[in-house]
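Presented below, as structure tokens, is a lone chain in the form predicted on its own.
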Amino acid sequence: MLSRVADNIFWMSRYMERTNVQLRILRTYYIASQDGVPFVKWDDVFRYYNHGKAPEKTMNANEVLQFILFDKENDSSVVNNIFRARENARSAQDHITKELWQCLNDYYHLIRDAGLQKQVFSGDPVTILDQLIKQCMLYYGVVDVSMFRSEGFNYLNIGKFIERLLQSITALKMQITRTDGLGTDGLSIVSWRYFLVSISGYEYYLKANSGSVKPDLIFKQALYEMHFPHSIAYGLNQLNRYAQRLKQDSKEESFEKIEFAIGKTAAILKYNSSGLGVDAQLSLLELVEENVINVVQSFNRYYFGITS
């Protein structure tokens, strides 16, 4: 496979995973704000999706959602994610199935629907967010049932798990900062519960911990639980799994660089304790994040031919 095509498939998958995570976080935030939970601050949400720039005027939840979902001038908007995923898919059409291309094309036309945008602004945003999340689930299903298990499938999964790792680490860092660590006061407990919902981990947590919500156990699940698909440990394990499948089609020295970078990241997570303090928890997450980025740079250099 040409390095350019591999890079296109890798980024198509990253944009779709980013979209799925963004939509779930926004849905959870909106529901929390409707429940009157005070930790939801829409100005902060706007700033996060606008390169740190604050809104010029006070914006309500619907206006912020409109900006994040549909504003083409917003580089981090969902509509731009879908557009870029579709463009990357267009450049790799000989290596993906027609069903997958059609799914992305349908998503592109769905999110550009004027009626959809109007309903977010003046109607029920949750219904629209659910509709967009279902389209993401359709995308994952189409990948699973239609994509042939070749190099392209491996790059799809490598891109997905790298993006999921980076998004999970960012969400966890924000949550720790928001609650000043693993605090156990009433508001912190509520905040951690919504955090679990946003990463699709609430039901799993309740089954594993008999319904008792404790921030330290949630933190442990998000980092180390191998059966939880949004944990850091699970993501690294899956990343290594699909990277190993590239071995037979790779130059030996290139594969060794990737294998070493992934193994180092997994070892850092396994052998470093986070401790109880906020600084120690953030330090561990930043160290893991730094090494995941190093994995991305290794793919860029040794597999995608990108040196800058």
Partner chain sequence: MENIEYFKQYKTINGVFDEMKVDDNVRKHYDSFMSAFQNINSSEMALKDELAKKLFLTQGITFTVYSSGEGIEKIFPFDIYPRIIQAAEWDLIERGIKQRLKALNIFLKDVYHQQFIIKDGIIPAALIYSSPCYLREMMNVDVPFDIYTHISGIDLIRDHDGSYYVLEDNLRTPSGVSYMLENRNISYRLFPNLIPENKVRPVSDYPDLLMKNLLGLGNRNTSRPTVVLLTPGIYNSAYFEHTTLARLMGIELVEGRDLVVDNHKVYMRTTKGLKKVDVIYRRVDDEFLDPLIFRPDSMLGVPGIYHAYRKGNVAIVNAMGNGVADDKAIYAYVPDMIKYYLNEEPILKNVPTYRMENVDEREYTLKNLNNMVVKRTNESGGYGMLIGNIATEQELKEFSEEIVKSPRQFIAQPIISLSSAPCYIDGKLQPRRIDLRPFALSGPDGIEIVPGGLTRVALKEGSIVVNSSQGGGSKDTWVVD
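Worth saying up front: this structure is predicted, and the values here are computed from it rather than measured. Positions refer to the first chain, counted from 1.
We do not show the form predicted together with its partner chain, though everything after this point is about it.
- In terms of contact with its partner chain in the model of the complex, the residue from 220, 214, 109, 134 that brings a heavy atom within 4.5 Å is 109.
- Interface residue among 66, 250, 28, 50 relative to its partner chain in the model of the complex, by the heavy atom within 4.5 Å criterion: 250.
- The partner is not drawn, yet in the model of the complex one stretch among 116-124, 231-239, 169-177, 88-96 has residues with heavy atoms inside 4.5 Å of its partner chain: 88-96.
- Using a 4.5 Å cutoff between non-hydrogen atoms, residue 194 does not count as a contact of its partner chain in the model of the complex.
- The shortest heavy atom separation between residue 102 and its partner chain in the model of the complex is within 4.5 Å.
- Within 4.5 Å of any heavy atom of its partner chain in the model of the complex lies no heavy atom of residue 227.
- In the model of the complex, at least one heavy atom of residue 151 sits within 4.5 Å of its partner chain.
- If you take 1-22 and check each residue for a heavy atom within 4.5 Å of its partner chain in the model of the complex, you get 1, 2, 3, 4, 6, in sequence order.
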